[in-house]
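Next comes just one chain, in structure tokens: the form predicted on its own.
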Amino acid sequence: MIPDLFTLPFMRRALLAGVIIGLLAGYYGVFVVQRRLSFLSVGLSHAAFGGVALGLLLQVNPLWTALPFTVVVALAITWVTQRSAVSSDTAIGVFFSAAIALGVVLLTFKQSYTVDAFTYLFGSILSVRAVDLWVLGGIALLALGTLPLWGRWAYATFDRDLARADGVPVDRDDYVLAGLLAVTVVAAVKVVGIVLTAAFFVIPAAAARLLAGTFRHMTIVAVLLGGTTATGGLVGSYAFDLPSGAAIILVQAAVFGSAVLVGRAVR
């Protein structure tokens, strides 16, 4: 029964982890959607595979190796985009393809890796431990610390040239945002897996864009949708015995579909 869900320690940890990641994904997702960087979230989530493979090879927690690996990839993509004539989508395609290829090569050096790799490809939120919650709490505090930067990020999102002319360190802020997005992507891998992580950042923010009239309201709605859909997806996965990560994404997709219908009705 559903009430029993809250009496199970592993489900309480999973719920808390899902809500934290949902809130973070909604917060950063508005910038991903508004700046048309959806491919970046896809690229970083797949780039994390290279870090995961390195962790499996070294027999350490794969998320500890995926974190610095993905951050380096995010910063490298930003650097190449800013310092060369290569477009952002091209740079993302190059780096995430190389990261996946590196991951495949690293996995060939480890025997019996299939089960471990499968876990990170599709997520394992029910295996979240207390230490994972402490890490997520630290990432959430880091996000709270960026609230003073929200206005600058929003300014640059809508008019980079004017923001730069007003003295906003747009290029430096791009590195900060890319690094924080990479950190959150790696954290989300534990919840929904490498394959579905990008949806966690895109769908709630896209739905919020259809429902909100201003960017500030869009951010608030996206954060709320991220947290509530994570909860709803976990409850649904428990009730109907479904994969938790996939259930969360399906709930988010249903919310997005409802937002599309609401937007059409309003117009």
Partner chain sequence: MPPSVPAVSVSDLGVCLGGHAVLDALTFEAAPGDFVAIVGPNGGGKTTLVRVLLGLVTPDRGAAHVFGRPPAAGEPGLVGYVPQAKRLDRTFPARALDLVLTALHQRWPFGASMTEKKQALRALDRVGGQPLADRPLNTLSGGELQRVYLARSLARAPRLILLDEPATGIDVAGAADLYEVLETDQEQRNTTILMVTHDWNAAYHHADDVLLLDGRQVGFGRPEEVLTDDCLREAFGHTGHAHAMLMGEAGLS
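Numbering follows the first chain given and starts at 1. Here the structure is a predicted model, which is why all the values come from computation and not from measurement.
Quick note: we don't show the form predicted together with its partner chain, though the next part is all about it.
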4.5 Å heavy atom contact with its partner chain in the predicted bound form for all of A154, D166 and R216: yes
Does L144 reach its partner chain in the predicted bound form, with heavy atoms at most 4.5 Å apart? no
Determine whether any heavy atom of W134 comes within 4.5 Å of a heavy atom of its partner chain in the predicted bound form, and answer yes or no. no
4.5 Å heavy atom contact, I220 and its partner chain in the predicted bound form: yes
Indicate whether N61 is a 4.5 Å heavy atom neighbour of its partner chain in the predicted bound form. no
With its partner chain left out here, work out from 166 to 174, 119 to 127, 100 to 108, 70 to 78 which stretch has heavy atoms within 4.5 Å of it in the predicted bound form. 166 to 174
If we check its partner chain in the predicted bound form, which of the residues in 33 to 47 reach within 4.5 angstroms of it by a non-hydrogen atom? Q34, R36
